[in-house]
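Look below for two forms of one protein chain, each set out as structure tokens: first structure 1, then structure 2.
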Structure 1
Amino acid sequence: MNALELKDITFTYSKKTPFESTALSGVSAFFEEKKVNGLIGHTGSGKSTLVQMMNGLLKPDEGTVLLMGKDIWEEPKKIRQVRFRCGLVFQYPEYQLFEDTCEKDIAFGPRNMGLSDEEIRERVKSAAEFVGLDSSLLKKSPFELSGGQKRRVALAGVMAMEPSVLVLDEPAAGLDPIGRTEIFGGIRGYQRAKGNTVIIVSHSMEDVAEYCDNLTVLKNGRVLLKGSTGEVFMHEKELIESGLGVPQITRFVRLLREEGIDLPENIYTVEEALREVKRLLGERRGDNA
């Protein structure tokens, strides 16, 4: 089952003006339910436009957007409801905090959904836990926090609405390796606990390799590749031609294969590479014995 399905989407900015530019031309993409779906593409490939289609911030010129099988534009007046079910976290969301305490900021979404005070408290608490935000920080002003902590507050604010689809645009941009691990760990923990669907947009091949179950690759407003993470990273040449790449470890495994080492082609994390190399070494050593 697909949580989100976009069918033949066409979208042009500034239509009928000299600045007219087509961002998406007949894109069809689908994102699987209860999975962490990756969406990658070079700058200007149409990722951001596509993301804004997902919860109706932009309306396609042509084509349909199905959220859990239902056309989101069927009743345009109810589009606000769609935004509770498909939550969008933009790049650098820490700039969007506005309440005087972190707690209120996280509670803003659930409050707009009309939930009870008790339910809101529960949601705020659980969202803060997922993103690893210490409860002592909840009473503080967001402006007293570090950049990484603010990012977590913003993320928790969207998670607290418990949307069935959570879309994150570059959630770890600008964070150091530990910060990245914690943010992605939180997202994955949330996805597993709630059984929701997550869509991650990223420029970091290493990060999508580590955290995404499948990948959709956009190029010049079209879907270039779609498949499991391992399958997609087997297309090193096409990815490089599209302004992207593969994780260093995938490239390294290819070099090893070219040296005549019998490793599987679809390795994209250090963990897998280590396991395979060890197996090769152990197995062969076993043969000698």
Structure 2
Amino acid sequence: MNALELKDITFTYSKKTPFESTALSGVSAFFEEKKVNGLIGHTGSGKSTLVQMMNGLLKPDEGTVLLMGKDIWEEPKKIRQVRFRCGLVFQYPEYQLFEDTCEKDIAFGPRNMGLSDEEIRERVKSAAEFVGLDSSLLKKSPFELSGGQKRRVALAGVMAMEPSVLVLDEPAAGLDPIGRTEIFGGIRGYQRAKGNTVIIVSHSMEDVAEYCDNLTVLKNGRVLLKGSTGEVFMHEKELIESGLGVPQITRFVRLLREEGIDLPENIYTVEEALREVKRLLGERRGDNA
């Protein structure tokens, strides 16, 4: 089943003005339930507009947005409830922090859902653990924290609502490699524990190769490619023409293959490359024996 589906979506900014610009044109995309889905595309491809369609921040000019099979605009007065079920974390979400403690900031969403104090406490504790935020920081002001810690607080605030679909726009933007690994590890752990659906919007081919089960590629407001991560990365030419490309490790493996080293073509992560190199070295040791 698809957790989120967009059918024939069209959206134009500044209609009937000299600044009219069509951001999405007949876009149909679906995001599988209980999977980590990737949404990629160069700047101007329509990603941000599509993301805002997902939980009703923007309403399409044409087309339908289905959340767990139901049109989110069927009852416009209830669109606020949709945002509890489809949580959106914008790029650089730390700029959205506003409470005087981290605990209050994380609790803001669950409190607006009308949960009991006990359940709110449990959700705050659980969400903080998923993002790797030490419990000693919960009573501190978020504005006293480092940039990476603020990012964790903001992410935990959406996780605490336990939405059916969690949409993350460049969740690791600006973080160092260790911070990226920790953030994505927490997201993956959260998804597996809650069994929900995650959509990661990213420019990083390495990140989506490592963490996403399948990918949707946008170009000029239309869907260019859709499929499993491996299937999409097989279309290297189209990805390069779209300003994207493939992971660096994939290009490196190709160079090794050109030098006659017997490695598979479909390698997209460092872990896969390491496994194959170990296999090859093991085979050569066996030949020498």
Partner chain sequence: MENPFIKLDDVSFSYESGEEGPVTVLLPPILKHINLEIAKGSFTAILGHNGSGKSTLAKLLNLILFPTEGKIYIDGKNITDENMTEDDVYEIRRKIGMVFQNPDNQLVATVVEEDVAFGPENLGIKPEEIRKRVDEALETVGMSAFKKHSPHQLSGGQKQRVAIAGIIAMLPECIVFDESTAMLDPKGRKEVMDTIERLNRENGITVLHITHNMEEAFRADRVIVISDGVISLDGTPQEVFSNVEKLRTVGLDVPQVTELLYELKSIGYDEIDYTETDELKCAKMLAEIIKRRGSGDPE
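Please note that residue numbering is based on structure 1, beginning with 1 at the start of its sequence. Treat the numbers as computed from the prediction; the structure is a model and nothing was measured. Whichever C-alpha set is largest while still superposing within 1.5 Å between the two forms counts as the rigid core.
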* Structure fact -> Block containing the form predicted in complex with the partner chain is structure 1
* **Large Cα shift (2 Å or above) at residue 26 between structure 1 and structure 2, core-fitted** => no
* To do: Align both forms on the core first, then report whether residue 69 has a C-alpha shift of 2 Å or more between structure 1 and structure 2.
  => no
* Compare the position of the CA of residue 263 between structure 1 and structure 2 after a rigid core fit and state whether the shift reaches 2 Å. => yes
* Structure fact -> Here the CA of residue 277, compared between structure 1 and structure 2 on the core, is shifted in angstrom by 3.6
